Structure formats: structure tokens, C-alpha cells
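Next up: just one chain, as C-alpha cells, the form predicted on its own.
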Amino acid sequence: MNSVLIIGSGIAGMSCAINCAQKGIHVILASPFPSERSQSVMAAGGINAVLPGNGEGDTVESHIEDTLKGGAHLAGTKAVTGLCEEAGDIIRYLESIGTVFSVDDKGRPAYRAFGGQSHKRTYYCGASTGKQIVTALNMEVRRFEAKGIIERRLGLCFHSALIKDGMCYGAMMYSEAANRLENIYADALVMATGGQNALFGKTTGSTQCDGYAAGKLFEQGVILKNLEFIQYHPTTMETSQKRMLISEAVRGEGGRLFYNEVEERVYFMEEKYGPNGNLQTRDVVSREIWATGKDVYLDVSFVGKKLIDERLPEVRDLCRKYRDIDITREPIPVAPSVHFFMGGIAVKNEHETNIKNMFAVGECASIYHGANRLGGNSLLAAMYGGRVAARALAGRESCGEHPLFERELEEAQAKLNEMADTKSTFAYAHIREMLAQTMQENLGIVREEQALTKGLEKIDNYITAAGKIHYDNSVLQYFNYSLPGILTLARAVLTSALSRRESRGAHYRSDYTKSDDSYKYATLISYDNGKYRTWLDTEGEYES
């Protein structure tokens, strides 16, 4: 291939861009904001790998098994095997380009325990691993920019893909500064647009990751997968703006969850699951916190100020800044919050979608995590997925002559202009607020049919309202045209959750509390002119 358009400049997008550039493929790396503002910067805990001599008796096979088990065996063995086998090389590569990992007293990269894993294998950079990796990758991207192989385009928002006869030829992008759309043509399109935080309002993630890209592609014929599997991180702290993540690293360093009963602490996770109870998988811990019906706290003060200052300085500073809590002396009030989306764009083992020459990597792609993600596997999947997609792209021929999409561009621009001339007293933001409330209430940690059905009815009302207002002069134009796609995605998520009549991983139904082997497959969903169709991937076409 001669050229690739990558949308999204977080870790997954940059990993793919660098690997494409190394293979001589010209890359256009487009995003609304610089990489330093991507959600990847917020990743705190670490990145999983099995390195020789880690002293824990760990093996790659154990990492594979933990990942498959943690995902309730919905992730494909082939995909997960590749992910885990290449993890060590990814750590070494990151070190080679300047990622500053924390080290032990012998100067070797340090690692710690994370939930759901049989061994300690999470390598980290204090509690700012994502920030360190973004910084290192960004320097590599700039090196290829200087050579003219990577072209960075900032200030561009995704509008729609350029698709004809089942093949992708690039994307239509919107510039807020110029208030216009433009077509960017390429031999292939790679989506690296993150998760769907805006569906739920206040979460641990960035609202830049709003799910619009997945929703629009869904409307354009792209199949989505496993949307019902939404990970709640068990330990987050309330602030006025968002839920602040209290990294799993705190529990990895010995932090203990408890609630107060009269004047006595009840360490409920340890009572139920034993000494390692605090390091159960995130879905288990979240449900147990929810089930207590009480205010829950996380205490790490007993490990000592020295260890906290050395290994958890970011968590220490975060608690002090936002809640005036000194974690060397006081416990942290915590509660579960939406954190990660295992579901997204359905991709095959080379990260290609059902549309030829359209790929997806990172959190927007559903492939490695099955029904639940292990902490430390998201950064690994972002790095690895970018590599895999780049390898596939390097093996493809250029598409040569391609159709022009000038008529589509003119029609889309005319629609945007029409929005700008339309006045509305019904605020766009009001629909977004109602959507978030509906999703939080009807698709929480524990779900059941009546609530899911009620949620669908509400979303249908929002879709009708959005079709009538279109324009809100208090927000940027992107927020106006993105609303219908976001609502379409929200309806797909609820539809997928309603169709899975069992409990598995992060999807827990109070009306179907057991796992059912007849559902031991990925959920696929498609869209056709307002109709949603779900089915199980019994043929294994999308292996995870």
C-alpha cells in the first residue's frame, strides 16, 4: 500500500502509524487534538508482559490463560496468543525509544500484581504509564514527520467513511476552524478513536471518546461486536467534573477494601475470597462493592509513606488535590464507574472490519478482551493491535484508481450549512444529559429486561427529538452532527445487552444470573435503515 489514513493519535493510532512508516507506507495521522490530549495519557496502572527472569515463575502460557479466563472465554485463542507472545518485545521496544519504566533495587524494570492474574507481570512507570508511553511514541512520530513519511493533521473530526461497493477509500473529515468538510483519500482507513465514554456522562475516561465514529460507521454498514460488555472500574473517586480513577496499582501494592459496620471495619473482599480478594477481576470487585449497599473505602496507608511516595505518587497527589485526602493517613472513598469498553467495531485477526481496507485498533476495536479486560492488557493491546494492522497493510496492494466522493461531500456540507441556519430552543446538551442518565440507570453493573426495555424506549424518543432539532448554537458544530450517531450507538448497546440472556464477565443479568453455554460466542449487531439485527458469532468469523 502507498497511503494510510489513521484517525486517532493515542497509543494505538501512533503505534500503527510508526509501524506503517517503518514499512515505507505514507501515513496521514488525523485527530482533533494533539497526542498529549488523548485518553491514552490517562492510563495509570501499567502494561502486562512476561519477561525472562521475573522471579515469579510466570510464563507466556499463564498470561494467555489468564487473559482468556478473565474474558470469560469469549476472546479468540489465536488473537490472545499473539498478543501475549509479543508482549515482551513490546516492553523492550518501549524502553528503546525512551519510555522510563520504574525499576527495582537491581535496576531492572519493576512489576506488580494486577487483578485476575496468576502472577505479578504488570510493568509500570509510577502511576503514569500511559503518559510515559505517549511521550515516547510521540517523539518517534515526530522523527518520521521530519522525514515526510508521517503527515499529522490536527483539528480534524471524523464525519463519515468513504465507502463504495464494500470497500473503503478514506474518510470525510470536518474542520471546526474552517467550518467545512473535506475528503481525505487513502488506500486504507484505520480507526483508532477510543471508547464510548460520552454515552454515560461522568466516567473515568475522556469525553473526547464519545462513540460517534463507531455509531456512524454502524449506520454505514460496519458490524459491531460485544457492545454489552462494559467494564466498571471498582475504585474511582467522585469529583465535581468526573470520576477520578484510583488505579488498580493501589490494590496491587496491598490496598484493602472495606466498609464500616458500627465501629468496625469489614474487609468484605478478603472475607469472601481470601487473602487475594482485593485482586479479583474488576467485574467481580465492582459487583461486590455494589452489593454491599454501603460506603466503601480503600486503605493503603499501612504500607508506609516511603512506598506510597515511591510507587503511588500520582494517586497520592490526585487524592490530595481533588479531595484533600492524605492517603498516607486516610482511606479513600471509592465506588465503581464505567471505565472501559470491551465491545466496539468487529474486527478479524488482522484488525480488518467487514469493509475491505477499513481497520480498527485500540479500544474502539473488539478483539482481545472478550467479556472482561484484565488490568494492564489495554496498553498492551493498543501497542500490539497497531503492529498487527500495519503488517496487514504492508502486505496489501495499492487500490490504484478510486472513485471520487464529491457529490457526497457537497450534500454533507449543505446539511451542515442548513444546521447553522436552524434555530432551536431545545438544547443539544439536554439530550446528552438525558442519554447519560438513561444509560447509567438502565445499563448499570446489574441489568434486567424491564430496565433495558425502558432504556430502549427512552433512546427512541431521543432519536426522534434529535431528528427535529439538529442545531444548538451553544456548542461546536461537531457536537450537533455527531448526536444522531451517538444515539444510534447507544441503542445498539442496549439492544445487545437485551439479546444476551445470561450473565458472563462484565455483563450481569439479575434475571439470568448463570452463564449459558449456548451464549458462549461474541454478540454481533448490524444496522440497516433503522433496523437492528443481533446474532451470535457461532462460526467464529470474528474470533474474539
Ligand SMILES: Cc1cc2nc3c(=O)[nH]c(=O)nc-3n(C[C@H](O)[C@H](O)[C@H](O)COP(=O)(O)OP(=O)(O)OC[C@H]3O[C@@H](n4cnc5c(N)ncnc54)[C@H](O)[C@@H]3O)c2cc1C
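The shown structure was predicted, so the numbers you read here are calculated from the model rather than taken from an experiment. A residue's number is simply how far along the shown sequence it sits, counting from 1.
Not on display, but discussed next: the form predicted in complex with the named molecule.
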property: Single option in 459, 250, 393, 209 placed near the named molecule in the predicted bound form, where near means a heavy atom within 4.5 Å; result: 209
property: Listed residue (384, 200, 111, 158) with a non-hydrogen atom within 4.5 angstroms of the named molecule in the predicted bound form; result: 158
property: In the predicted bound form, segment of 448-456, 359-367, 296-304, 72-80 with a heavy atom within 4.5 Å of the named molecule; result: 359-367
property: Complete contact of 218, 347 and 519 with the named molecule in the predicted bound form (any heavy atom, 4.5 Å); result: no
property: Residue contact check: residue 503 to the named molecule in the predicted bound form, 4.5 Å heavy atom; result: no
property: Touches the named molecule in the predicted bound form: residue 478 (any heavy atom, 4.5 Å); result: yes
property: Residue 190, heavy atom within 4.5 angstroms of the named molecule in the predicted bound form; result: no
property: Residue 32, heavy atom within 4.5 angstroms of the named molecule in the predicted bound form; result: yes
property: Heavy atom contacts to the named molecule in the predicted bound form at 4.5 Å, residues of 12-27 in sequence order; result: 12, 13
